[in-house]
Structures are given as structure tokens and as C-alpha cells.
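One chain comes next, on its own, written as C-alpha cells: the form predicted on its own.
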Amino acid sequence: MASFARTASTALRAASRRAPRALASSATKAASYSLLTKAAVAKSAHCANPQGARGVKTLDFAGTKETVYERSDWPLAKLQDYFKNDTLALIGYGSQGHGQGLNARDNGLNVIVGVRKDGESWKQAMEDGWVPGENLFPIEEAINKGTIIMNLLSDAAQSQTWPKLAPLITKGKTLYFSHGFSVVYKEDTHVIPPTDVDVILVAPKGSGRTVRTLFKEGRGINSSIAIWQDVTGKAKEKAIALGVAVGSGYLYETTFEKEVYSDLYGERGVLMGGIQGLFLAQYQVLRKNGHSPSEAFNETVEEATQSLYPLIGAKGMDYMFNACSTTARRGALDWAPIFEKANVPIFEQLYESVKNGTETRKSLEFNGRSTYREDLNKELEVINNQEIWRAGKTVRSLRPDYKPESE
């Protein structure tokens, strides 16, 4: 799994490098939300706002009214004019830094990147067209040059570097995060923003790679926005505009606390931790009862990810139930409440662990180790070597659209 993640990351970065470099220049001022084609932009704009009417929308989400902001409220000319006097200093060039930075650059904004000189991120930024001394600088220099400081370092790195960075966040600048982690758990991270700057959040609901991919397709990712501190009275407006600038299609309001609670909870639950545990448990029981690896994988993972989960994403759970056989539907309806009852106590325990900071302290301790990368790779190799995922490699190789990972 670790090797696959590295291969996927390399492939996506290579795709970015193959994109037209001209759009990273001043020509971007006339470009649009998509890096690839004007046609894709026209299509996305039409899809995003079929009635052609702009404006903030209040929508009914299962009986609860919420305000949603959309990209069409910020056409490129307005977006570029709004930030014409700003320099976005993007600190860190990991997954989110890569995606958000390239998107904002392609949208015609003045973006610079700040990372450790000659480190791995510095080299990766250069591969993506960032030029030392022009829009690529050491961290401290980038912060001094920037008016909007986008702190996209890892959570552990934000904590470790804050004593050096904090004095550079001077009055008049804006401090931007894509995760509420550092400021919400300030007792553990010691990240306490200055009192004389706007502090805002734009949190894309997906990896930075997805942020970039959807942007290049002329689409936009859903994002959350939140305000920690509004000194100028314009923090919310700034957050919405920046959300559009970095590749969001729609933006939903939340708070720093709710963003980080839901994010940590979801990752440990059904998004990653829970699904790995459920997959493995079902697979193991099938194998113990004499089912072959291929059959156990197909019935546990392949059918879920290739057939059923896409139906849920496209149309909802009820649609997926209706699309299945009557026998499958009956059994699923009977067993769903049993799984719910069994899992609610686990999810309650998980939420409390997030809320009281236990998960934060574990994360800071592990991710702050000097041996972090080596320790992580050992854990990922355990998953990579589990029979379920070794069997999965063979099953995936049989798909009609399969391409070897080396490609």
C-alpha cells in the first residue's frame, strides 16, 4: 500500500508537470478555473449554475437550512481584482500545498511558496514550475513577503515551527489554515495566533491531489470555511474568495472546532480506519469458512468499491438498495440496525477521544518523531502484506481498464 501511494503521488505530480507551463505566467490573468481547457471551464460553469443566476443560496439539508457559497459568485475577473494587492505565501508543499498552490497560481493570483531550502519539498516545488528567488523562497522570507500566510505544513510541523513563525505574522497579514487542528488544540500544539490578524480556514473535503485533479477537470471540490478571528470585518468574505481561488466549487460554513472534530472523527471512522477494520473482519471470516482469497476479496472489497459504493455516491443509499436483488435487499435491511447498534458505542468512544484531545496527542507524538517516516512505513507494510490486499492486487489486474502501477 505504501508503495502504491508513492507511485500514485509520483504519477499525479508528473501529470502536473506535463500541463502547459504558460498558464503559470502572467497569461493566467486571462485564464480560468480549469488548467486544461476553456471548454472544460465553460462546461463546469454551466453545470455549476444552470439557471445563470448568481447569489448566496440557503438550502434545505434534511430539514436544516444552511447557507452555501458557490464559485459562480466569484468570476475570475472579480477574484483577481479582489486579491490584486495580495501575495499568497503558501507555507509547506505537501498534498494540500501542491494542490491549492497550483490552483491559485493558475487562477492568476500572486502566489509564492515557502519551504526549507534545498529540501525534498523545495525540489518538488521546482519540478512543478516554482522558481527560486521568483516565487519560491525559504519559509521566513516567504512569510515576510506575503500578505496572506497559508500555513499548510503538517499538523506536527505547525507545532514545531510556530515559535519561529509567530513573530513574522505581523499586523495587517491574514493567517490561513486548512485544518482546525493547531489552533483548536492549542494547549498541545502551542499555536496561538496573534490577536491583530484575521485567522481563517478553508478546508477542502478531500486530499490535495483530489483538489488539483477536480480543478484540472474544470470542476471544484466541496470545502468548509470558518473564522477564528475577524479583525478587519472582512475575514469571512476573504475566506470565501480564497476557497474559490484554491479550487472549491461550493463552500459550507462551520467552525474551527467542528471542522477538526468531524475531520479526525471521520478519518478514524468510516473513511479510513473503520472501513479497513470492517473489510478485514469480513474477509477473515470468509477465509476461515473455506472461501478462496479471490472469492473473499470479491465479496468484500471489489463488489463494494466497483459496483455498490459508486451507486451510493451517485444516487444515495436507498438507490443502491433498490438496485440490488430482493434477497440482498432483505438481508441488508435486517442487518443494518444490528451493525448500527454494535457500532454506536465505538463511534461515541471515538468522538470523545477526538474531542478531549487524546487523538491529537497521539498524532503529535507519533508524527513528531525523528523516525516518523520509517515507523509509518512499517505499519503501512503490515497492511500491504495482509492477504486481503495481496489478493486484491491480482483481482485488480484482471479489470479491463487495468494499467500496471509502474505506468
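What you see is a predicted model, and the numbers here were worked out from it, not measured in a lab. Counting begins at 1, following the sequence as shown.
In what follows, reference is made to the form predicted in complex with a small molecule, a form of this protein that is not presented.
Site residues 96, 119 and 139 are all in contact with the small molecule in the predicted complex, judged by any heavy atom within 4.5 Å. Listed residues 101, 108, 92, 218 were compared with the small molecule in the predicted complex; 92 is the one with a heavy atom within 4.5 Å.
A heavy atom within 4.5 Å of the small molecule in the predicted complex is found for one listed residue only; from 225, 152, 175, 183, this is 152. A residue is said to contact a partner when one of its heavy atoms sits within 4.5 Å of a partner heavy atom; residue 282 fails this definition for the small molecule in the predicted complex, lying far away. Although the partner is absent here, residue 135 sits far enough away that none of its heavy atoms falls within 4.5 Å of the small molecule in the predicted complex. Interface residue remark: residue 235 is not counted as part of the site for the small molecule in the predicted complex, having no heavy atom within 4.5 Å. The small molecule is not drawn, but in the predicted complex it has a heavy atom within 4.5 Å of residue 157.
The stretch from 308-316, 201-209, 293-301, 227-235 that comes within 4.5 Å of the small molecule in the predicted complex, counting heavy atoms only, is 201-209.
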